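Here's a solo chain for you in structure tokens, the form predicted on its own.
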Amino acid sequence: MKPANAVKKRKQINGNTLLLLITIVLFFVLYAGGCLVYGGKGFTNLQTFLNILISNAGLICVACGMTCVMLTGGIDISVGSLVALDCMLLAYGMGEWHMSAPVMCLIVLVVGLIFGLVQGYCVGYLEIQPFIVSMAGMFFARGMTAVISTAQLSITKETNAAFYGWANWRLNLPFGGVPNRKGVLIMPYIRVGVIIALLVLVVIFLVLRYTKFGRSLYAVGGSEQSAAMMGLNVKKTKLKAYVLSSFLCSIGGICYCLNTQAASVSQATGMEMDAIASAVIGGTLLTGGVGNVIGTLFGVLINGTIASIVQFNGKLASSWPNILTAALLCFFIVLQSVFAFLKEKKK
């Protein structure tokens, strides 16, 4: 290998890639620790890992959208409320309006697009602080959820057979089966929400890596002034980022509803913090310009693994996942600051 190439590769490893590697290694260490401690309780079963994906399918979609917004240097704290609104629309629309599942899913996606257009216009063209705009969006979406209904609604087979069928559909895997107490081999499975979430992940990864729009997000987050001098439309890029985020959030809302089959005003409370934490733990800088959805996926998996470990323990309080996630978030923010300081020092 030529010396110049060696130096270039070393810089790549010591830079942003190192944050991603730390995240990946941390996930495997946490999961291996869970397997060692709770292997006798079934933590080593493939279904345990798949359950993490099933439980967090909606969060994966939401966190992918959050990553796109954070790449521009923005933030969106309205996503949890928008997910609650999506679930309420689905449950109420199919239960009270007797509308079909495909139509209600389409309405939810349109609501996400409109929601993103409004927020993106306020941030991009009116130049209002993203935190203020998304906070207003958070209160609006949560309030509209209560306007639709304050009751806790459930989606049953009688309410809508099609949606109920989607929610309970399983794709059995041909490997990793475990015999139950009666000796019957139980094959591991995934649900439709996981397939949707992984498709979203792949599409956003390709968009960020290989499209002009993806490169524009990184450029705007790196330096708005430099991006404008390069001929990029900064305002339009920010608008598109928030539209994409809200659209992915609505897809996540559908996945979330497929998992819970319920809706309430308090649903998905704090989901915005989970999405932000997953993105930051995955290596996305709060200042923008750096990050990718692969890291975000591992950030979600880390949060899910922590929750699973606490659940398998059975003695720890339910607040421990939030405490540990907060500690990890602080750790990665400090790491980001250290790397940024070292980068500036080298200049």
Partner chain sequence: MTKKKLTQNPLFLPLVCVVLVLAVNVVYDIAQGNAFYDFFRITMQASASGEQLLSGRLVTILNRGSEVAILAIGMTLVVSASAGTDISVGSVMSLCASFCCMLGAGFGVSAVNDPSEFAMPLIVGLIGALVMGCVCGAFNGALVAYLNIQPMVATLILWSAARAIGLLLCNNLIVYVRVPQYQVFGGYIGFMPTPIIIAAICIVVVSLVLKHTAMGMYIQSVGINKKASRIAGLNSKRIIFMCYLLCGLCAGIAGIVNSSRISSADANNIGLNMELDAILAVALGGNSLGGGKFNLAGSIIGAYTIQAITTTMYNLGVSSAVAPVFKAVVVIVIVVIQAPPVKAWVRKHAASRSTGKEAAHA
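This is a predicted model, so every value here is computed, not measured. Numbering follows the first chain given and starts at 1.
There is another form of the same protein, the form predicted together with the partner chain; it is not shown, and what comes next is about it.
Of the heavy atoms in G143, some are within 4.5 Å of the partner chain in the model of the complex. Contact between F131 and the partner chain in the model of the complex is found at the 4.5 Å heavy atom cutoff. Put simply, I276 is close to the partner chain in the model of the complex: some heavy atom of it is within 4.5 Å. Within 4.5 Å of some heavy atom of the partner chain in the model of the complex lies at least one heavy atom of L126.
Residues with any non-hydrogen atom within 4.5 angstroms of the partner chain in the model of the complex fall in just one of 239-247, 201-209, 182-190, 143-151: 143-151. Heavy atoms of no residue among V37, S55 and V178 are located within 4.5 Å of the partner chain in the model of the complex. Interface residue among L286, L50, L26, I306, judged by heavy atoms within 4.5 Å of the partner chain in the model of the complex: L286. Just one of I107, I196, A101, I75 comes within 4.5 Å of the partner chain in the model of the complex, counting any heavy atom, and that one is I75. Residues of 328-342 lying near the partner chain in the model of the complex, listed in sequence order, are L329, C330, I333, V334, S337, the criterion being any heavy atom within 4.5 Å.
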